[in-house]
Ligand code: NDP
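Next up: just one chain, as structure tokens, the form predicted on its own.
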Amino acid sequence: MPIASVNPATGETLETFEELDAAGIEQRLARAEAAFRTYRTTSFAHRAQLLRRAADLLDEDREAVSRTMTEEMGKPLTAARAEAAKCAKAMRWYAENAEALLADEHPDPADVADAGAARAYVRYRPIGAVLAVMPWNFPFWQVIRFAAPALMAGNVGLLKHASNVPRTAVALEELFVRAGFPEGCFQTLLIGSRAVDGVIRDRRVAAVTLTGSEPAGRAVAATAADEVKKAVLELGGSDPFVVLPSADLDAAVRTAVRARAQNNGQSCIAAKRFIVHADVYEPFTAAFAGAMRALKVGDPMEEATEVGPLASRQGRDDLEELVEDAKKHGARVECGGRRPEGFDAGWFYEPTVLTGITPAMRIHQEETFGPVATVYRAADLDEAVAMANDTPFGLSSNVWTDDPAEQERFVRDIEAGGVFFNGMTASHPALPFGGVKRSGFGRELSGHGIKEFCNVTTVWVA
């Protein structure tokens, strides 16, 4: 796709960008290599000072940054402001905690004495330039949750952002430059997907992290493996939202609506499959469909809008195909199921709830990236667990129950990178984020995330 900023609420092309040629890519790779030589030797205190300055600037720029995000990918302006605030918080968290997270580790001297060591320890050292291939759905947050730990560890960053959010990509580089990071520490590469393979293979790129689709993840992982380079992948998700009889139904319904409609339904960790115990299936489904039906769809720049457009025409069309396929095979539409009336332009789709889902429907196994929920009836706890795991993905999960035994059952048996009880699934800088199965491998955030791109060095002293 061309590198262009297109307003999904109107279809208007706001700005187009020239793709970097081979000389432009080479120039930026050379800068990254030169920057790493010196930046890797800087102190944690110095890096923290720069990152805190970036957080302060982002707070100052919040309104402008939020409007750029909304114009480029259509999320409600209120959600864009919350995303910018979350990014500043994460940068401050890593500025405060990175040194402790990467502190030298010292085993008991008695444990290494038989190896002839007077002392031994482990040090976490930076590895170099890390390429980040990032998506459009959280255009600031996805980048910051890679950049903040990478920069605090002493690495340098190269960003290949989604081609439909180039203004955001440019703003991210400018943020780090204005904060005082040395030239080459964080650079945006305005390139298409076909150029990614060559960048990964370049000797100056040490590792790659990708958040995106499963096909994109497969391609990036294959290239990284061929070059024997570290990769972290966060791919799709089809997260279950399980409701059991002991749940607070009112709270579960409120959270279910937020979980499915957040970011216009375009979130990897959004709840997508709602698995409800038979004892509470009818009241939950009726309340959930009613609340989804009541959501205000409209111009994402308006403060009252709760659901804006899909980020692209292709995204809207793909979602529509999944719903039409489900309807063709007998799914029942509890609400929505079509494009809303009154929108002559833009890529809008009504908040939708489908029931009667069967394995014959594509939507049973494919990820729905938009405000469409599928609801299943589970006869008992065992069936609820089985249904929750009946997906090729394993990013996160959400379970509503006050029963400690049921909670422990899901902790033990859920095939996912996270399980959230009686609350909204979310990412947080202090907690690891990532999945299993076809949702990828490796972790972002927390101490686990910052260590992904470190050289874990054993130091042995006789």
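Since the structure is predicted, the reported quantities are computational estimates derived from the model, not experimental observations. One rule holds for the numbers: they count along the sequence shown, beginning at 1.
The same protein also has a form predicted together with this ligand, omitted here; what follows describes it.
Annotation: pocket open; no atom of this ligand, superposed via site C-alphas from its pose in the predicted bound form, falls within 2.4 angstroms of a backbone or C-beta atom. None of 185-193, 338-346, 278-286, 102-110 except one has non-hydrogen atoms within 4.5 angstroms of this ligand in the predicted bound form; the exception is 185-193.
In the predicted bound form, at least one heavy atom of residue 367 sits within 4.5 Å of a heavy atom of this ligand.
A residue is said to contact a partner when one of its heavy atoms sits within 4.5 Å of a partner heavy atom; residue 249 fails this definition for this ligand in the predicted bound form, lying far away. The shortest heavy atom separation between residue 216 and this ligand in the predicted bound form is within 4.5 Å.
Although the partner is absent here, residue 234 sits close enough that one of its heavy atoms falls within 4.5 Å of this ligand in the predicted bound form. For the three residues 136, 163 and 220, a heavy atom within 4.5 Å of this ligand turns up in the predicted bound form in every case. Residue 142 is the only one of 142, 352, 264, 155 with a heavy atom lying within 4.5 Å of this ligand in the predicted bound form.
The contact with this ligand in the predicted bound form, taken as any heavy atom within 4.5 Å, belongs to 210 out of 384, 147, 210, 326. Contacts of stretch 245-270 with this ligand in the predicted bound form, defined by any heavy atom lying within 4.5 Å, are made by 268 alone.
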